[in-house]
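As a starting point, one isolated chain is supplied in structure tokens, in the form predicted alone.
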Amino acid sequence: MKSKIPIIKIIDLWKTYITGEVSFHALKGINLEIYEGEYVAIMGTSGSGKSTLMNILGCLDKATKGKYIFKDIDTSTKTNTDLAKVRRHNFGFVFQSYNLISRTSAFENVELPLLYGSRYSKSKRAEVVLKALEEVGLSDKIQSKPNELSGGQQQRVAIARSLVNNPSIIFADEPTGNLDTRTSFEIMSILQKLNNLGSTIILVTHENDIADFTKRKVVFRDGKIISDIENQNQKSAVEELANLPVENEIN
């Protein structure tokens, strides 16, 4: 059941890029509301505006005009320093390329967000990090470096890192783009579990079979929303995993 007040509210949002005398409108008057506890897929082909929207929602970029209100914060009135604080205290990010530091362990990669303005002691940080790694099934890989982990395990580390600040929203940008089918479904099963536990998740994807695991699909084309529907036939990633042929397994 949706809460009455949206956690995200976007009003007539535009994003324009200017190169010389040429203007390109990446977003064209977007209106959108997202509520706490939702699991939303932002879909569209390359150049449709979905990644531009994700960057604005995650306070990594600002709109050219219009409003983006997160909770009761009008982000259009905030400085870059203010937006960095909003990001740090409210958002977790999972990217297609994992964005892990190669020379450090899984534990240290997950701990990183807690080292910036954290209120936690060293022992409390360790407790939070270990809990996040356990949540994604990697409690036995805490000292492993990224090059010692499979692609799926690296993405699990990235998901654990997104959890440690107890974010209001997890943004997942093409999180299965570099993964095979089985590993993709494993990652989606983790995201579904987190959503079922109450996490709000916004997933950018161009893949329909990945969007089928979400609860709502918002489709972009040429900078505009062309469709916004509840997914009445949400698939279970755990069930899809169980139905995969054994010969497709990749360790």
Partner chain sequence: MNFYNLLISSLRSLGKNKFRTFLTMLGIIIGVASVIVMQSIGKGVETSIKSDISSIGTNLIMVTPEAAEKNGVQQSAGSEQTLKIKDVEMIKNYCASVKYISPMIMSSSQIKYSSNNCRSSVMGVAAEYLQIRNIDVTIGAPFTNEDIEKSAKVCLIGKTVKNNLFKNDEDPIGKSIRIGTIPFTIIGILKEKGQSGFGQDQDDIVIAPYTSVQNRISGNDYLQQIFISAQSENEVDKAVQEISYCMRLSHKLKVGDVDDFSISTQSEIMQTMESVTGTLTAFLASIAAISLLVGGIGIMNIMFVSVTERTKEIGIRLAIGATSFDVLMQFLIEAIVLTLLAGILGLAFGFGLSQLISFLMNIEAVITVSSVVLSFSVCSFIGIFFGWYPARKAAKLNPIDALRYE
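Residue numbers count along the first chain shown, from 1. Because the structure is a prediction, the values reported are computed rather than measured.
Another form, the form predicted together with its partner chain, is not on view; read the next lines as being about it.
Residues within 4.5 angstroms of its partner chain in the predicted complex, judged by any non-hydrogen atom, belong to 53 to 61 and to none of the other stretches in 24 to 32, 218 to 226, 53 to 61, 192 to 200. Distance criterion of 4.5 Å from any heavy atom to its partner chain in the predicted complex singles out Ser97 from the list Asn166, Ser123, Ser97, Thr77. When its partner chain is considered in the predicted complex, only one residue from Lys131, Arg87, Lys71, Lys141 comes within 4.5 Å through any heavy atom, namely Arg87. Interface membership of Arg161, defined by any non-hydrogen atom within 4.5 Å of its partner chain in the predicted complex, is confirmed. In the predicted complex, its partner chain lies farther than 4.5 Å from every heavy atom of Gly152. In the predicted complex, its partner chain lies within 4.5 Å of some heavy atom of Thr81. Shown alone here, Asn178 lies farther than 4.5 Å from its partner chain in the predicted complex, counting heavy atoms only. In the predicted complex, the residues of 90 to 115 lying within 4.5 Å of its partner chain by at least one heavy atom are, in order, Phe93, Phe95, Ser97, Asn99, Leu100, Ile101, Ser102, Arg103, Thr104, Glu108, Leu112, Pro113, Leu115.
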